[in-house]
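To begin, one chain is listed below as structure tokens, in the form predicted alone.
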């Protein structure tokens, strides 16, 4: 995938809003009555601490998940000023949907059967793979099989932490933190040997670090299908899937991935991306 300049990010964002404004009535029509932002708006859960995916910087929100959320929301009939972003930590995502704190979630939210028992998903809109972030000069860790006896950091409540506990727990010391920024801090301080989560998240963290001292191992060992989290019984799935399909078909998806991972040596798995949304239950 070609690399884009930061100028393209602005162009892609403008293109996204323009395309969305043209197509909103076709996919979603008018906003649903009683949305949690007050009946004429929508509240969307995102991450606040994931560079390149979901990042809060003052009043600004940036990243691939954020851009996809804006595109989809506009296709559903919501203008930019009707969108309210709310932080949704990994461990709280299901409860926030169940409690009505958010209307939908775009937060590197892997679709799993366990989660589908309590919430619904639209999508997926991206397929990542779990990988490892290590110091740039580390030659000992080339994959999960090298983790025995190592200190590893991941985020509480994430599927990455659960997978390590289940499949690679023997001899691995797992340090769990509330956010990935804390894991990167621990890695930079030498408190852990590696950080594990999805490859696109690690690419964003590596790019944001900016000093070349970290690298993504590049040996993914899972498939993480990012979906749009919805309350159980939501009637928005079909419209969201139509918006995702349109975003892929019109080329916006590819531009947003490239723009939000610029500065990292990263290309999504072409065998899995862009994905086709699942049929709604």
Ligand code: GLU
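Numbering follows the first chain given and starts at 1. Not measured: the values here are computed from a predicted model.
Although not depicted, the form predicted together with the ligand is the subject of the following passage.
Chemist: Among 71 to 79, 134 to 142, 184 to 192, 104 to 112, which stretch sits within 4.5 Å of the ligand in the model of the complex, heavy atoms only?
Modeler: Among the listed stretches, the partner-contacting one is 104 to 112.
Chemist: Considering only heavy atoms, tell me if residue 126 and the ligand come within 4.5 Å of each other in the model of the complex.
Modeler: No, residue 126 stays farther than 4.5 Å from the ligand in the model of the complex.
Chemist: Given that the partner is absent here, does residue 201 sit within 4.5 Å of the ligand in the model of the complex, heavy atoms only?
Modeler: Result yes; residue 201 sits at the interface with the ligand in the model of the complex.
Chemist: Is residue 50 one of the residues lying within 4.5 Å of the ligand in the model of the complex, judged by heavy atom distances?
Modeler: Judged by the heavy-atom cut-off of 4.5 Å, residue 50 is in contact with the ligand in the model of the complex.
Chemist: Just checking whether residue 64 would be counted as a contact of the ligand in the model of the complex - the rule being heavy atoms within 4.5 angstroms.
Modeler: It does not: once the ligand is placed as it appears in the model of the complex, residue 64 has no heavy atom within 4.5 Å of it.
Chemist: Let me know which residues along 213 to 237 have a heavy atom within 4.5 Å of the ligand in the model of the complex, or say none if there are none.
Modeler: 224, 226 sit within 4.5 Å of the partner.
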